[in-house]
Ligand code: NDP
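The chain below stands alone and is given as structure tokens, in the form predicted alone.
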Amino acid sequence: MDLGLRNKTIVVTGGSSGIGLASVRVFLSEGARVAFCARGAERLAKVEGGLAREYGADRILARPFSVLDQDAVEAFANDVAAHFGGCDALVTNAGQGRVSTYAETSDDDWREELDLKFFSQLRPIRAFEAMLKSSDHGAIVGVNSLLAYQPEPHMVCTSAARAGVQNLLKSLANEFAPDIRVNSILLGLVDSQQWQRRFEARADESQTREDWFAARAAEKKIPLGRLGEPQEVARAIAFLAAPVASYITGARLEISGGVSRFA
């Protein structure tokens, strides 16, 4: 199926690894131009070089900065406009989870987590809103978590923030219609750098990666019996961002291997 992404310009935040990088690759393989950002300059430059060799440097724009830096986000938007002439879809993917219970989470931790989760969405959306409205196919895909509806006791702060972000994205879907479609992805357990770090910190160092991940899937009672792969999420993101999904807005797509418990 042709998604209609050829020669469209897509912006991806947190695009140098994991789901973000997988999304960048899917968009490029569909013929789109892609601008992406991440905090780590060294890794970003390495990724940019590899993608440029594979897909052509003229279709890629990469900038290192934090999406919490308003000036940097606005400068990035200006670069995208100058380089590609506009933006057709924005994927807000930056941000990671905080492992802590209510008792372990300080006021500063709460402020930091809420600031990260909300403004990693709000700042890019504000910066690219005008360009998205000018596009015939403006779309936003917010990468969120199943925690928004199914909180975990060891991730109280992140779960609460994720629920707020989900409400925000639903509100924006109504406010931006019909000019910009806004949809979200709800992630379950997906293999990523965060999970790799947890594997490396495992108590039993004799446990293989395959066995450790299988144990996590069994522990979490994932019906499909495994964690998801970044490219599986990326394909869903590309669909929601693409013109082929032109009548979908305000929707949430769960990618969790069937682990959700809510109706």
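The first residue of the shown sequence is 1; numbering continues from there. Here the structure is a predicted model, which is why all the values come from computation and not from measurement.
Below, we refer to the form predicted together with the named molecule, which is not included among the displayed structures.
- When the named molecule is considered in the predicted complex, only one residue from S134, T101, Q193, S171 comes within 4.5 Å through any heavy atom, namely Q193.
- R39 is the sole member of R235, R202, R209, R39 with a non-hydrogen atom lying within 4.5 angstroms of the named molecule in the predicted complex.
- By the criterion of a heavy atom within 4.5 Å, G138 is excluded from the residues contacting the named molecule in the predicted complex.
- Although the partner is absent here, R162 lies within 4.5 Å of the named molecule in the predicted complex, judged by heavy atoms.
- The closest non-hydrogen atom of L189 lies within 4.5 Å of the named molecule in the predicted complex.
- None of the heavy atoms of V24 is located within 4.5 Å of the named molecule in the predicted complex.
- Only one segment in the set 181-189, 163-171, 101-109, 80-88 has any non-hydrogen atom within 4.5 angstroms of the named molecule in the predicted complex, and it is 181-189.
- Shown here without the named molecule, the chain has N93, A94, G95, Q96, G97 in 79-99 lying with a heavy atom within 4.5 Å of that partner in the predicted complex.
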